[in-house]
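Shown below, as structure tokens, is a lone chain in the form predicted on its own; questions about how it binds or moves come after it.
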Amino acid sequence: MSTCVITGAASGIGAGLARQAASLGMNLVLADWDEAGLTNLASSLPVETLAMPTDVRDDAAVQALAAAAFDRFGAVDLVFNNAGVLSSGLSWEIDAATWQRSLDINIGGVVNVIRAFVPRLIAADRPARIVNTSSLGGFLTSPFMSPYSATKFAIVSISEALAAELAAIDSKVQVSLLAPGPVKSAIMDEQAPAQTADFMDMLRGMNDENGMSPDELARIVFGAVERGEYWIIPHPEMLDAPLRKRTEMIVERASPTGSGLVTAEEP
């Protein structure tokens, strides 16, 4: 692999992936709406890097990103579809703009990257991989983070469908789903409304204490990519037992109890 594209690259998971790719000598195409953070990261990496400020909600901007990546490097081997946001609140009190922002970035952004890059990857007729970032929250619901849960569940579905479609046309392009648990990043830094401020403070504390570093996560991710794995689950100990319990709940038609990603308690 020689060229890697990363959205949401300026910080957190994306920056960790960029540093790991650079350590492997890959050319990099980095995208984020944080232009200053993107520039700082790009200047710190010892490889050829194209840094493009990009809002993944903007289809034309993502198409331009893909065109620039192929124009600059001739081919793309690995695409990390990683940009995302997390908002909290009571489902019925989260305002329409916040809901729409989550849908537009976490789902719309993923779809825009797929639409921009996958046709080019298919046309190149060479092995390549797109890695969509979901979360343990894409399998296990959480109270007070409904937009995040809904959009991360959607990424799980989109990724499975995409993988099946590429296999159906015998494409050399493959898919991975990345679903991390706690990682030290700024995704939880958005100001929470009063009703969920204590809940988010608790989550941030847990994340700061127990979260995996972005660089450690990146090493796990690149190892899984090298092995050709679809499911990239860096925190299996946090997923497997709760997912079995949730699946049993559905099969048995039991009512939800809030025993998903985070146990429901009064915020």
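These figures come from a predicted structure and were not determined experimentally. All residue numbers are counted from 1 along the displayed sequence.
Another form, the form predicted together with a small molecule, is not on view; read the next lines as being about it.
Shown alone, this chain has one stretch from 121-129, 191-199, 78-86, 156-164 that lies within 4.5 Å of the small molecule in the predicted complex by heavy atoms: 78-86. Among heavy atoms of residue 186, some come within 4.5 Å of the small molecule in the predicted complex.
Though the partner is left out of this view, residue 21 does not reach within 4.5 Å of the small molecule in the predicted complex, counting heavy atoms only.
Not displayed here, the small molecule is approached by residue 56 to within 4.5 Å at the level of heavy atoms in the predicted complex. The small molecule is not shown here, and in the predicted complex it never comes within 4.5 Å of any heavy atom of residue 144. Scanning 105, 114, 140, 94 against the small molecule in the predicted complex with a 4.5 Å heavy atom cut-off leaves one residue, 105.
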